[in-house]
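Encoded as structure tokens, the following chain is the form predicted alone, with no partner shown.
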């Protein structure tokens, strides 16, 4: 009996140790960015397409104040309320002390420089598809923005969602670097895929999620989803539900006006502002990607 109990305890310890190892926060070394130099001008386009200011500016900020990434906007969800942190260049309360490698590990592994899991309300499940060059360019641009000493506000999460260690298991299930739409894409569709799947992280709102909060792919990709704040839904972006022409889509991404003379509202208004600031070729590329849907995996 004692031998059996000892064996069960030993097996339990081995399984626990293996689980801790597999779900540990991951950090890449500097070799992943070796030889790369950041281009702030290129990083500005990455920053805009990724919507960094839309989430990390202060609530209600306008004009140049949008680039003061003080944080503080609140994002309700079924798991609790997440509050965007300060990512300004303040070295104490922002990310002014982060290296490009620290930004890489946050975007690709959801891991802070201190080795903590970050919550996927920060959409690293999409940003994981960013290239090393895009990350160092983004880092170069962010370093040109102002510092702000406002402390970040903690998330408001109940048990068990306030246990960061559990996020390692979530990452094992959902953090994948591959593209969702694969196959023989044109260069324009390929550029649209970069914006939709990686930078603009469209699926974070427009794809339904399973009970653990992972975005669904396959036939459910970009087919719309409930607003996690509990107000309304995000629309289906796949044909035939979205039957707008390429020209209609480009116009919407430019002005925010739909073919029915409605206009973008809520957070989508920020997305339109971001897309409108990109080259028109990028807006056309996003339209081309959406016109290729539904996809096959």
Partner chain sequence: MPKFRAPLLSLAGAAVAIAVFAGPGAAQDVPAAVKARQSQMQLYAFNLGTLGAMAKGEAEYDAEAAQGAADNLVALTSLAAGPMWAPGTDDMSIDGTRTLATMWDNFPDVMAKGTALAEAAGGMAAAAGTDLASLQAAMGPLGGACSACHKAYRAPE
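Residue numbers count along the first chain shown, from 1. Computed from a predicted structure; not experimentally measured.
Just so it is clear, the following notes concern the form predicted in complex with its partner chain, a form of the same protein that is not shown.
Only one of the listed residues (264, 42, 58, 33) places a non-hydrogen atom within 4.5 angstroms of its partner chain in the predicted bound form, and that residue is 264. By the criterion of a heavy atom within 4.5 Å, residue 232 is counted among the residues contacting its partner chain in the predicted bound form. Residue contact with its partner chain in the predicted bound form: residue 248 places a heavy atom within 4.5 Å of it.
Contact annotation for residue 259: at least one heavy atom lies within 4.5 Å of its partner chain in the predicted bound form. In the predicted bound form, at least one heavy atom of residue 255 sits within 4.5 Å of a heavy atom of its partner chain.
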